[in-house]
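In structure tokens, the next block holds one chain alone, the form predicted on its own.
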């Protein structure tokens, strides 16, 4: 490990680092020693000169450094990185019993800031989102291939996070063979098609695995009375729609703005042997479609709202809150008594308490009686570091109308 410089923090700014929070913002830095470049290793010191952490420097970002190691005698060299990757992969090994689509490395939560790695069968997909991860790209990829035995790696490093680090977008095959137009993965016995080149995130919403299974269980529970009607808004490629149908839903309406996503969803429907007459597919703006369904007097027993990120940053929270309120208000008015609503936010700037408050406001304005019977999160392969609460991006609520 080559140390290129030092970061000296302002008085009091060492507190979060001592609590092992990995992020250091530019406003916390008093001065920089040496001439570190993007991704270089730096030693982080408190105002009194005491050593705090080994971090990767990002001069183009307001998030000026990300801490990788909080042990002075454990610098993040290639062996250290390989051990971290191996440990992260090993922690997910038991999930192979239920799926071959798994998040293997989840950035800060696995002690590898800005590095995301997903596995789809024998295909690896990575997102390198930080200056430190970019500078250690080769070591991270070597370790990932070694830990998994998968030799095909596709890079989807295109997001805004990477741009904020001063890094250009990157997409393409970086190890092994080019991926096919569609990969097939399995999850709790359900077949899904994944496009790792152009699909959302790294190709699929792996994080919703447990919640798709819950939707299937709820549909099965409702079907003990009668075959439930299901509405899936922002349906993308229809993961929740498949789950509900396999649980016994007899009428499944999937709404998405993308014709391509709906076509993909229909193909998956056929892949799983589901009768076409059970499904309806509507290309539409979900906000407008919910209002139209209300006007038509429609009613559903199971509704899923899984919209895209409404708040990209804290500057967009107020606008996002209005959007979440709108869709939940209209969905609640469509929910039949005894029915269930699974509603989600993937906006990191919208905290769990705020999201619950927004949905509670929608319940009040909809003039319906509802119980919250569960909070929903990402699957266990998307863990939350207790020292880094910012990592909790996906949150959801399970409501039951009385």
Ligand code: SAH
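Positions refer to the first chain, counted from 1. This is a predicted model, so every value here is computed, not measured.
What comes next is about the form predicted together with this ligand, which is not displayed.
Here the chain stands by itself, but in the predicted complex one stretch of 115-123, 294-302, 227-235, 242-250, 227-235, has heavy atoms within 4.5 Å of this ligand. This chain is displayed alone, yet in the predicted complex one of 317, 83, 174, 284 has a heavy atom within 4.5 Å of this ligand; that residue is 284. For the options 189, 308, 149, 273, the residue carrying a heavy atom within 4.5 angstroms of this ligand in the predicted complex is 308. Heavy atoms of residue 257 reach within 4.5 Å of this ligand in the predicted complex, making it an interface residue. Taking the partner from elsewhere, residue 200 is found to have a heavy atom lying within 4.5 Å of this ligand in the predicted complex.
Not displayed here, this ligand is kept clear of residue 264 by more than 4.5 Å at the level of heavy atoms in the predicted complex. The closest heavy atom approach of residue 212 to this ligand in the predicted complex falls within 4.5 Å. Heavy atoms closer than or equal to 4.5 Å to this ligand in the predicted complex belong, across 203-221, to the residues 205, 208, 212, ordered by sequence position.
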